[in-house]
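We begin with a single chain expressed as structure tokens, specifically the form predicted on its own.
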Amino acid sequence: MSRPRLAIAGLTACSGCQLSLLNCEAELPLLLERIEFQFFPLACSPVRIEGCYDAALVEGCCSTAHEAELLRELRDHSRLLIALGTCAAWGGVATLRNDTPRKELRRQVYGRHPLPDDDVPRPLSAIVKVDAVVTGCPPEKHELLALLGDLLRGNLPVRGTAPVCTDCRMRENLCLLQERGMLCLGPLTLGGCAARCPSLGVPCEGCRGPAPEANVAEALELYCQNGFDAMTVTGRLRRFCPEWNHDQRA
């Protein structure tokens, strides 16, 4: 059986999602035996899109015309396109100032120096069809390996639905919100990270995006009881998912 051909690319992002894959050092030799990484500019050359790919894994949000062109080209050449990481899935921190006109942002940063126009940063799904999402900032190592395993079997990854609080309770952590009065976004954030931050006493920042199974109304009532209003919670969640709305589920 022929090895699946993969394309891995990064748009506006920090490259952390791709680096997390490259950091799977113990597993990489076996992966290279079973998968053809045909387009992976961060790791190898040539960096030309050629032929067809079984899947394209794309990190980062789309914020320039060049990135939109690359994204559409990858979509046209790939059977599957997978949003890799929170920025690709939801927009991430690059979209924080989308409520301010780009012209004004350029003036604030660069003054009067002329610059080419750029697009409003958007998640991949605003440009092309996305077949699956692996969220995280960056995704966990086990999630990336599971993704590649699914692709080898011809499957799409199964997206989790439970919030970070589920992971926290499985690790028998104290609740940072209720027991320490900290603004922890675990009740509304997608789990799968083994509650990495709360386990170290650091409140969840919502970097994995919204949890589909979260009881939003009940969670907001819980925040209110602990001294945090809905707009404060919404503002924190929108750092990674700007379209998050406390009036609707993910």
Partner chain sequence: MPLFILPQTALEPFMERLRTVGELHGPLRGSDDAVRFSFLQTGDQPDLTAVRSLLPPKKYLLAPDETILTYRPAAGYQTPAHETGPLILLGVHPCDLAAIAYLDRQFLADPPDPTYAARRKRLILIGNSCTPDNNCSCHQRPSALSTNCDLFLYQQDNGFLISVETPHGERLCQSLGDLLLPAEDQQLPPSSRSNFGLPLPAPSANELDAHLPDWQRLADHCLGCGACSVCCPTCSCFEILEFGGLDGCSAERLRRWDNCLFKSHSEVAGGHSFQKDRAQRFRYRYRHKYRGYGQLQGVPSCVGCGRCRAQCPTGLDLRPLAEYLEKERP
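None of these values were measured; they are calculated from a predicted model. Rigid core (definition): largest C-alpha set, two forms, superposition within 1.5 Å. Residue numbers count along the first chain shown, from 1.
This protein has a second form, the form predicted in complex with the partner chain, left out of what is shown; the following refers to that one.
Asker: With a cut-off of 4.5 Å between heavy atoms, is residue 219 one of the residues that contacts the partner chain in the model of the complex?
Answerer: Taking the distances in the model of the complex, the answer for residue 219 is yes, it comes within 4.5 Å of the partner chain.
Asker: Please determine whether residue 130 contacts the partner chain in the model of the complex, using a 4.5 Å cut-off between heavy atoms.
Answerer: Flag for residue 130 set to no.
Asker: How about residue 152: is it within 4.5 Å of the partner chain in the model of the complex, going by heavy atoms?
Answerer: Residue 152: yes, in contact with the partner chain in the model of the complex.
Asker: Please determine whether residue 169 contacts the partner chain in the model of the complex, using a 4.5 Å cut-off between heavy atoms.
Answerer: Residue 169 belongs to the contact set for the partner chain.
Asker: Since exactly one of 80, 126, 145, 120 fits, which has a heavy atom within 4.5 Å of the partner chain in the model of the complex?
Answerer: Looking at 80, 126, 145, 120 one by one, just 145 meets the 4.5 Å heavy-atom criterion.
Asker: Are there residues in 155-169 with a heavy atom within 4.5 Å of the partner chain in the model of the complex, and which are they, in order?
Answerer: Sequence-ordered list: 161, 162, 163, 165, 166, 167, 169.
Asker: With both forms fit on the core, has residue 226 moved 2 Å or more by CA between this form and the one not shown?
Answerer: Shift at residue 226: 2 Å or more after core fit.
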